[in-house]
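In the form predicted on its own, a lone chain appears below as structure tokens.
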Amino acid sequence: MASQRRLPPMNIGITGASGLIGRRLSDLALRRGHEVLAFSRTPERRIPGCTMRLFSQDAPPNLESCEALVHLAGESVLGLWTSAKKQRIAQSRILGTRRIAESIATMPHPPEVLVSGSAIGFYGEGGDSEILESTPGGSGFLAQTSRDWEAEALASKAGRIVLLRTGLVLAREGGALPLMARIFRLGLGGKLGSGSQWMSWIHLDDLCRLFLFCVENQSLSGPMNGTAPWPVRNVDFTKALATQVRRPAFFAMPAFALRWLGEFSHELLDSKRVLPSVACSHGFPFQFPELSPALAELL
């Protein structure tokens, strides 16, 4: 287990603070004694306990007094990937991160750490192979977007840079899980394609704790996988969710029927057996390492 150096309470800036992850992270950071500067496209919508600031991809944000920065802002990847949707996904991440770097470059005292959100879409199709942080990037739209996104973060002059590549985030009040649970409760749930593809997931609370772990531990830098240590195949995810909602899951969505989603179908059908090797080697204590207890807590 690697040694850890936890920093004292800090002024932490969080972009995308009004989103699902940002709100939970802001609350957790406040409870741990940090000050939170919440950056949002709608700063008039207050987040309790936080100082609100504007974030836009059109101009560098005001990062004054930020000792650490967690960058979450970006268009959701869920949904049909039209040309316009893909443009929003790419621009919101690449240009938004570039504006962060531009702002840091003007600061006499840059943030001690930038934890920039990324995605396991960086890796592409992995089959049954275990994917670690050292695994090369894949091909396709999301893989290329993730590479460009991370390159913008690495170009910043922050003291330390962590790239947190997040898997499927399981949460009670947002993301994909509530929709999946509704479908399964109607008895319409089932595997996707063959069901043999690996799914790498993480409980929202573990992800937010991992973001703060990256902020607070000075030994961490570079890419980190933001996934639970026990990924599952899609067919096993299906069984676990059906068991939790006490409904059968007889239906199956054939791969060809998912192709209407365009390139987004790869995010449902590609296999990514992603392991959080860096987090585990540094002693991060997952509260929900296995799927069934995570689903039980959320549903």
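Just count from 1 along the sequence shown to find any residue number. Given the structure is predicted, the values throughout are model-derived calculations rather than measurements.
Heads up, the form predicted in complex with a small molecule isn't pictured, but that's what we're talking about next.
Review point. Quick one: is E75 in contact with the small molecule in the predicted bound form, heavy atoms, 4.5 Å cut-off?
Key: Yes, E75 sits close enough to the small molecule in the predicted bound form that at least one of its heavy atoms falls within 4.5 Å.
Exercise for review: Give a yes/no on whether I21 approaches the small molecule to within 4.5 Å in the predicted bound form, heavy atoms considered.
Suggested key: Residue-level check for I21: yes, a contact with the small molecule.
Review point. Just to confirm, S103 within 4.5 Å of the small molecule in the predicted bound form by heavy atoms?
Key: No - in the predicted bound form, heavy atoms of S103 and the small molecule never come within 4.5 Å of each other.
Check your understanding: Heavy atom to heavy atom, is W149 within 4.5 Å of the small molecule in the predicted bound form?
Key -> Contact with the small molecule, yes.
**Study point:** Option touching the small molecule, based on a heavy atom within 4.5 Å in the predicted bound form, out of N217, S118, S156, Q197
**Key:** It is S118.
Practice item. Quick one: from N62, S265, T243, Q57, grab the residue that has a heavy atom within 4.5 Å of the small molecule in the predicted bound form. Key: Of the listed residues, the single hit is Q57.
Practice item. Sort through 107-115, 217-225, 185-193, 91-99 and report the only stretch with a non-hydrogen atom within 4.5 Å of the small molecule in the predicted bound form. Key: Residues of 91-99 come within 4.5 Å of the partner.
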